[in-house]
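This document opens with one chain alone, in C-alpha cells, the form predicted on its own.
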C-alpha cells in the first residue's frame, strides 16, 4: 500500500486508527479467564454472531489480528489526519433487510449506530455527455429512463413491481441458515409466477437486462448495478443481480454516520456491555484440538485461549485448513478448499480532496455520494475475459466513485472531502501478483484521468493526498480478502447457497466438533449483509438448546 501527497511519495507503514475510544480496548484477557466462546477474527459477521451470543448470556472473547476491529467494515485515516476513509465497504444496502437491523434486534442505535440516506441513490454519466440518475423517488427515476426510452421507463417500473411481489422470499433465504427453511426453488414453486422466477434466477443478469430493456444507456445503467457484487454479469445464475437497482429503489444505499466502521464499533460496544472482551493485535495461528474437539486457539504471540462451549472462526477457509492437522478435516472439506475460486478483484484509490466530483447535468452540476462510470454493455462483458487473461485493461475502465462526505460532513475537515475510486482488475497478472507493486500507481493515475473526463473539476490542485490499494495490497491488509476478493471469493453457482463454502458444510458447523464458521466464505456470502453472522448465531444457539427468537425477546 502506498500513500502519495502533494509533497511526493511516502510509504505508508500502517493504517492509522481513528481516535475512537473503543479501539483503546479496556478489559484484557488472560489464559486463566473463563470464556464460553472464543472468536477468531473480528469482521462484521463474527461480531454479529458474538453480539447475539453475548445477549444470550454467553461470555465471548473476540481476537483480532489487526490493530483495529472490523475486517472490511472499518474506518481509518488512510490519507490525511481528520479524513475518515472507509477501508473497504461503504454502503450498507443489504444490511437493511437483515432482521438485526430491520427489526432492531440488537438495539445498535443505543451503541451509536446511525444511518444517513443519500439522495440521489446513484448516478452514471455516459461518454456521450448524457447521464442517468437513480433518485429515491420512483417517478423521478422513471423520468431518467424515459429520457432514453419511454418503453424502458415502463419496463423499469414493471420490474420493480414484480420484484417487490417476490422480494420477501428472495431476501428471506439470505437470512436463514441452509436447511432451516425450504430451498428457494421450493418456495418459489408455491408462488404465482414462481416458475418464471426459478428461470430468471438461473439466467444471467445480462440475459435478463438485454431482454427487458431496449436502449443501450438503460442497459448500461442496469448492468453496472448488477456488477457491484463483482460477478461477471453474463455468468449463469446471476439473474437476481439484474434486480439490484430495483432492490435499492426503496431502500437506497444507506451509509453509517461517521464511517462504515460505526457498525462494527456499535457491535463491539454491545458485546462489551454484555461482558464480552475484544482484543486486537492477536493473530490466531492454530486451533487447539483435543480428543477430536476444538477447545481453543493459539496466537502468534504465544498466548492461548480456551472456550468452554465453542470456537467461532471468521478466518478464510484457505487459511483455516492449515490451522489444524489436515487429516482431521476430511477429504470432502479439503476438496472444497482446494477448488475455491476468487472473484473479480478490486483496485482502490482513496483521496483527500477540496471538492467532490462535479458531473454536468441539465441546469448545472450534480455531486452524488455514489456514482459509476461504464462506457457500454460491451465493456461490462469484458470483465470475465480480462480476468481470465490476467491482463490489466485500462481502456474505458469501469469505476465506482464514492464521496461520503457530501452527505456526512463528519467524514472530513470542514470544506474538505473523502473520495474513493474503485476499479476491477485481475489479481493473477501474467507477470505474477507481485507485479502489482510496480504498476499500481500507473493504474491509479489512469483511473483518475478517466474519471476526469466526467468530473473535470478534480484537477491536481484539488487533490491533497491519495492512498493506493492494489488487489495484492487488499490481501495483505486483510487475509480474508483472498486474492483481492472483497467478498472472500466468487459468489457464483459453484460457491453459493448450500455450496458455500462447500457441499455438506454450509450450516456453519465445521468438520471439527466445537468449531463453527461465519464470514463471507459462508452463506449468503460477502457484502455487508450481516447474514452469515446472524445465521451462524441461529445455528449455534440451536445447538446450545435455545433459539435466536428466544434470545431476541430477552430484555437486556
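Positions refer to the first chain, counted from 1. Because the structure is a prediction, the values reported are computed rather than measured.
The form predicted together with a small molecule exists for this protein as well; it is not shown, and the discussion that follows is about that form.
Name the single residue among 223, 121, 268, 315 that comes within 4.5 Å of the small molecule in the predicted complex, judging by heavy atoms. The residue in contact is 315.
Contacting member of 163, 94, 145, 383, with respect to the small molecule in the predicted complex [4.5 Å, heavy atom]: Of 163, 94, 145, 383, the residue with a heavy atom within 4.5 Å of the small molecule in the predicted complex is 94.
Would you mind picking out the stretch of 459-467, 355-363, 153-161, 283-291 that comes within 4.5 angstroms of the small molecule in the predicted complex, counting non-hydrogen atoms? After filtering at 4.5 Å, what remains is 283-291.
Are any of the heavy atoms in residue 241 no more than 4.5 Å from a heavy atom of the small molecule in the predicted complex? Residue-level check for residue 241: no, no contact with the small molecule.
Please check if residue 346 has a heavy atom lying within 4.5 Å of any heavy atom of the small molecule in the predicted complex. Flag for residue 346 set to yes.
Interface membership of residue 71, the small molecule in the predicted complex, 4.5 Å heavy atom rule: Yes, residue 71 sits close enough to the small molecule in the predicted complex that at least one of its heavy atoms falls within 4.5 Å.
Tell me, yes or no, whether residue 45 is in contact with the small molecule in the predicted complex, where a contact means a heavy atom of each within 4.5 Å. Judged by the heavy-atom cut-off of 4.5 Å, residue 45 is in contact with the small molecule in the predicted complex.
Could you tell me if all three of 64, 474 and 527 have a heavy atom no more than 4.5 Å from the small molecule in the predicted complex? The answer is yes: all three residues contact the partner (heavy atom, 4.5 Å cut-off).
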